[in-house]
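First, one chain by itself: the form predicted alone, in structure tokens.
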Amino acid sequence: MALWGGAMARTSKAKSPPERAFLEIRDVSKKFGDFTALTDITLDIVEGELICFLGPSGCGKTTLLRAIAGLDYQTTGRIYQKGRDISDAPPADRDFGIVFQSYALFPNMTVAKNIAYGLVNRRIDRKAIAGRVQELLELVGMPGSDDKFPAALSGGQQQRVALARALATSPGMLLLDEPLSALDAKVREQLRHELKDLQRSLGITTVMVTHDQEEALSMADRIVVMSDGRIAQVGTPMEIYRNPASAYVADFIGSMNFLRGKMVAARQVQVGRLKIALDGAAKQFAKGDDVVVCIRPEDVAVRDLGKFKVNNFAMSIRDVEFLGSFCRVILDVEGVKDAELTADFSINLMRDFNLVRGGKLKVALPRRRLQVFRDDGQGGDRK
């Protein structure tokens, strides 16, 4: 029996109009008294994608998820699911399954009864429910666990049961509120791969809330980075990592170096006694503008420096951190008071250059890898 209906093949050769997004969020705002939790959120979610709402505590990501679920109605704006206006619909009239951070399993019910809970309420035939429960236990890798109680399960097993319960009614959308945050690191890494594989195999539209950037980068088809109740950037993990829209996003996604300075010429910024050449990304800035120059640790170059005609600088090695497959080297930027640069180097490079604490090193900052933003105080710790 097919549990998940795929899209029906089109038989007409005539060109069809573009389909609407599975979920459309339009100008959604949410206030709690005088506090504004969401401001003018507009977003389309494509059918079958896994999208992550990512941001620090208090940024509005869970509030947005709860608005989608109907658990907290938006103050203004509309929400459409497959073209149907669900803005004022109760949760029971919205087509979704949800997994909470705490899993919210019923402690006095067995695994089978927890999974079957939503089906029983729909008055489905008992035999059909039993069959569905077995299918779901197989799906989440827990066959034979029917009669166990939640207290007898590990955190990872409880997460699987909560996921099976959310999928029991074959919802069109899955909502995940930080589902892996209560697990230890090794189990969390294992389950995020399992969850992504499951989502792909089922083709279910999934919205996940997380504050864990690694989780979002490894799982999401697209990431919605949020800040102070607004969307800071939407894009694929690679787009957001390589082309952040602001210093805030650059700082929040992955590790990033920040060098603050002032534009002194077209495509040139003064940072302390250093002059850093920039590429076309700096054309929007004028002489005298305060900017922040950013570069990822893995983009700091030390090999073949002859091919870099500009941005070659002498550094002092302040510290070396061994992190398994690579080393993180903390460099003091000579000529810039209290400034440091973090660089990630392979074990082979560390050996070839004999890099040790207290040593000297010449590095290049490739222009094509530099990001530059107006210095609005966001991104990196101000000295």
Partner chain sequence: MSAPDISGATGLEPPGSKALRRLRALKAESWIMLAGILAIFAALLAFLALPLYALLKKSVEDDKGEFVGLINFQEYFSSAGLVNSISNSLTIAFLTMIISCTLAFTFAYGLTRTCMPFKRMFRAIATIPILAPSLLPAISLVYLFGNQGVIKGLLFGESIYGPIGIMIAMVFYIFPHVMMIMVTALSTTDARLYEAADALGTRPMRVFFTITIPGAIYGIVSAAVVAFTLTITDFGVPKVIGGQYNVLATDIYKQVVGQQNFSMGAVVGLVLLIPAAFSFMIDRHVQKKQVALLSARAVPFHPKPHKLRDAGLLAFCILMSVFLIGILGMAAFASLATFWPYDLSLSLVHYDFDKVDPNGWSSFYNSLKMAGFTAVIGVTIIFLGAYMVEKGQNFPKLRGLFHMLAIVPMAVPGLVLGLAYVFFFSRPENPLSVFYSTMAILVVCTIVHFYTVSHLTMLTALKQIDKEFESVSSSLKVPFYRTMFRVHVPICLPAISEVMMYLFVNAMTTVSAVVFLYSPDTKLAAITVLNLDDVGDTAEAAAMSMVIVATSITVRVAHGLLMRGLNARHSAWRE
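These numbers come from a predicted model, not from an experiment. Positions refer to the first chain, counted from 1.
Form predicted in complex with the partner chain: not shown, discussed below.
- Contact annotation for the candidate site: Arg26, Asp93 and Gly118 all lie close to the partner chain in the predicted bound form (heavy atom within 4.5 Å).
- Partner contacts here mean any heavy atom within 4.5 Å of the partner chain in the predicted bound form, and among 269-277, 255-263, 195-203, 144-152 they occur only in 144-152.
- Distance criterion of 4.5 Å from any heavy atom to the partner chain in the predicted bound form singles out Thr42 from the list Ser346, Thr36, Thr42, Ser316.
- Contact with the partner chain in the predicted bound form, judged by any heavy atom within 4.5 Å, is made by just one of Thr236, Asn108, Gln134, Ser218: Asn108.
- Contact check for Arg165: a non-hydrogen atom falls within 4.5 Å of the partner chain in the predicted bound form.
- In the predicted bound form, the partner chain sits within 4.5 Å of a heavy atom of Phe100.
- Heavy atoms of Arg20 reach within 4.5 Å of the partner chain in the predicted bound form, making it an interface residue.
- The shortest heavy atom separation between Thr76 and the partner chain in the predicted bound form is within 4.5 Å.
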